[in-house]
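Okay, so here's just one chain, in structure tokens, the form predicted on its own.
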Amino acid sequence: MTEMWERFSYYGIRPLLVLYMTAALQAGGFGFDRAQASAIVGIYAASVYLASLPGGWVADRWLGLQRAVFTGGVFIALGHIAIALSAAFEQKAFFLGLVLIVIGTGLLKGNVSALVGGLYPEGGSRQDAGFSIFYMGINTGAFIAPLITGILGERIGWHWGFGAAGAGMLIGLLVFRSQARPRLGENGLLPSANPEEQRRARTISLVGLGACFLVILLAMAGVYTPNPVAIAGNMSTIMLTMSALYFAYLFLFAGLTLDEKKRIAVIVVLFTFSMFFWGAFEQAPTSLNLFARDFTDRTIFGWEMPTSWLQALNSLFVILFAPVLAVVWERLGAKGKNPSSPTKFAIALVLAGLGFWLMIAAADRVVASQGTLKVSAWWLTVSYFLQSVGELCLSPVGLSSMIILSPKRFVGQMMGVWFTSIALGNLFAGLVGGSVDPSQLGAMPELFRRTAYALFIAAAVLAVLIIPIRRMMATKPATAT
């Protein structure tokens, strides 16, 4: 329930961001160009997931999982309040709100997933099924959110939509505060560090938080003007480099056993192909969202639905099919035939590739009409369906794999590593999302074509690696690979 409401708040504002920032000033927006707005969405979403790495470290070394989750919820609620007030304080409050949400989600997102993992110490297919149920809660919030915030934001006022998303997080805080102790008990209550390590972690965390807000204040004061597209490109390079260095540290200096190093090697493989998947999937709030607004017929019985409502399709499909796949993994696991994580990842990549292959045909129709045609919403609907089934083959399985494969003392941090792969995918999606533009029609089918090819090639490479990975993990139960 806590994660459901946190996702309500996140997915409540996500589809509104690019629409709001690209809306003309007279329509209440910022009037940003599409490339700039898309890059900001990518930076924001990437930062949300990237923050899970220090968030996991703070939970492991200072706060404990439960306190980290609650503290994160407070930051998120404050961020939504700031965004809702940006009607009065303009862009400064808006971007401050985004930063507060990033900090809060870093403390909450990975750690609440680690709490779920602690409920299934035996691991295996039962944990896969448990995470699929957890994933249903996530997508319940994500499904309801754009329906409410979309019609409020697009039809009444942008800040009504942002405010409704913040109200959802406040409900989540009340749920967690009242139910954590009786439901979770000692699970994640205390950090794994000794008192001295806790004091050191507290000092580092507070200094880092202060530095973060100093940078924000300098930007708000006009000392420097950020370039979102350049920042997104630089972030991609830095994050890839830091990820490589972190994995090198684990292999060389973390004191891991040979078996633990083998499992870290599998995590590296899953991390790499996760980036490809999310780089496509996270075009939903940018390129596909703009396609829905500009080139999709959203009229139903004479009434035009808000653009944001199409963003609810992904979560609807996940809600409908998560129980199905949970049962499938459970039954296959009982027979000793549960597909390995790399196999499920390869299936996900193929399905997402097919989803974007469909969009090539839809974009070609728009280009052939020179932008005058609005295609049926079924194109996006089927594309989202394929991507959603792919997500179910990858995301809950990826979360479960991080718990199973991670050395015990690095569980919180490895959940952060998993979300770093999603962060990189968001950055890549943000960098290309501005290609959907009525003034540059030819760029649309080319974007979708490149995305589909990249996914198909990644799936083929991963398929070749499945057998070597199985051999590498021969010491582990079949369900854990």
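A residue's number is simply how far along the shown sequence it sits, counting from 1. Computed from a prediction, not measured in an experiment: that's the story for all the values here.
One more form of this protein, predicted together with a small molecule, exists but is not displayed; see below.
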Check: Among 201-209, 388-396, 228-236, 322-330, which stretch has residues with heavy atoms no more than 4.5 Å from the small molecule in the model of the complex?
Finding: 388-396
Margin query: Whether Trp278 contacts the small molecule in the model of the complex should be assessed with a 4.5 Å heavy atom distance threshold; does it?
Written below: yes
Check: in the model of the complex, does Tyr135 have a heavy atom within 4.5 Å of the small molecule?
Finding: yes
Notebook entry, point to check: Contact between Phe448 and the small molecule in the model of the complex at 4.5 Å, heavy atoms?
Noted result: no
Next item on the list: Would you please decide whether Tyr20 lies within 4.5 angstroms of the small molecule in the model of the complex, comparing each non-hydrogen atom pair?
Entry: no
Next item on the list: May I ask you to choose, among Ala429, Leu65, Ala37, Ile422, the residue with a heavy atom within 4.5 Å of the small molecule in the model of the complex?
Entry: Ile422
